[in-house]
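Just one chain is shown here, as structure tokens, and it is the form predicted on its own.
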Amino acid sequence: MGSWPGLSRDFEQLLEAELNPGKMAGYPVWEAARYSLLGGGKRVRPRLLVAACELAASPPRAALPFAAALEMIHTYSLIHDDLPAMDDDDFRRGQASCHKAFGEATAILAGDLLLNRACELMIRVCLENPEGPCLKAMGILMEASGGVGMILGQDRDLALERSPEKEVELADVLWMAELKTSRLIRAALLMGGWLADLDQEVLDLLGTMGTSLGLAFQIKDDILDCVSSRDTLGKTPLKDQGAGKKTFVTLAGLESARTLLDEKENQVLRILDQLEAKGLKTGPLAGLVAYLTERNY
């Protein structure tokens, strides 16, 4: 397995500080938000943001707050995605999903809290750095997670679930996955690139890489859903098939999904080679890509 670039302890401490309820301690919505955000996870997206920063130099001070905001938004999306009206999953990150632990209403509010808290954090950083690229990074994240990105992807996922399989093509699933999964992964790389003041040619490469890496990530998830156990995945396996989900495996079959995964992974590796040829420090990003492509959960 490839190396797994680490986030500093400061990152987890920042998450803890931002979700410190203070005088609101004991209120269920805060307990639920902390339960979901601080309860583990691969931290893929914040790691990608920091790795993109490290292409040129050490990450700037703004990198960790933006990485934290990105993780808050991702976690809110998982809380809502697990709800009975959405994917209806009882487990997430190896523990009971938020709505199973705290109830549906509190889970909805906890997701809202995390989304709002992420915006509060980014606005504070932008006010402290009005001349820098922080506002651009915030705009990238909010667009990627909104109605032309992740949320639209979730809407398409639900629509495809209701559609007869004979009416759904692989292109439909590719578009849905690009919106629902790739947009946030692409945003992580672009945010890191902007915060590190990388040139436009590198930003374009990172954007293309993020799209391919996000699709590879989703295809890998679809494959693992078919071949892994709940203890390994940390969530319910084989659930997509039972729920009528349109995935790369249910539409194309396991072997074709693996072929498509190889194609997307090769696209990512080619861009890594291009970045390295520019003299950029690709080690952390390459190690993270290796982990993501070789993972079993």
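None of these values were measured; they are calculated from a predicted model. Take the two forms, superpose them, and find the largest set of C-alpha atoms that agree within 1.5 Å; that set is the rigid core. Sequential numbering from 1, following the sequence displayed.
Beyond the structure shown, there is the form predicted together with a further copy of the same chain, which is absent from this document and is the topic of what follows.
Legend entry - A171, heavy atom within 4.5 angstroms of a further copy of the same chain in the model of the complex: It does not: once a further copy of the same chain is placed as it appears in the model of the complex, A171 has no heavy atom within 4.5 Å of it.
Legend entry - Any non-hydrogen atom of Q154 within 4.5 angstroms of a further copy of the same chain in the model of the complex: Taking the distances in the model of the complex, the answer for Q154 is yes, it comes within 4.5 Å of a further copy of the same chain.
Inset, instruction - Tell me, yes or no, whether G207 is in contact with a further copy of the same chain in the model of the complex, where a contact means a heavy atom of each within 4.5 Å. - result: No, G207 sits far enough from a further copy of the same chain in the model of the complex that none of its heavy atoms falls within 4.5 Å.
Inset, instruction - Report yes if any heavy atom of A17 sits within 4.5 Å of a heavy atom of a further copy of the same chain in the model of the complex; otherwise report no. - result: Residue-level check for A17: no, no contact with a further copy of the same chain.
Inset, instruction - Look at the stretches 197-205, 111-119, 218-226, 88-96 and give the one with heavy atoms within 4.5 Å of a further copy of the same chain in the model of the complex. - result: Selected stretch: 111-119.
Legend entry - Listed residue (V268, A257, V44, V29) with a non-hydrogen atom within 4.5 angstroms of a further copy of the same chain in the model of the complex: By the 4.5 Å criterion, the partner-contacting residue is V29.
Inset, instruction - Give a yes or no on whether every one of P21, K136 and W175 sits within 4.5 angstroms of a further copy of the same chain in the model of the complex by heavy atom. - result: Looking in the model of the complex, the three residues P21, K136 and W175 all sit within 4.5 Å of a further copy of the same chain (heavy atoms).
Legend entry - Heavy atom contacts to a further copy of the same chain in the model of the complex at 4.5 Å, residues of 75-90 in sequence order: Heavy-atom contacts to a further copy of the same chain in the model of the complex: Y76, H80, L83, A85, M86.
Inset, instruction - Answer yes if the CA of G283 moves 2 Å or more between this form and the one not shown after aligning the rigid core, and no otherwise. - result: No, its C-alpha moves less than 2 Å.
Inset, instruction - Note yes or no: does the Cα of A25 move by 2 Å or more between this form and the one not shown after the core is superposed? - result: A25 C-alpha, core-superposed: shift of 2 Å or more.
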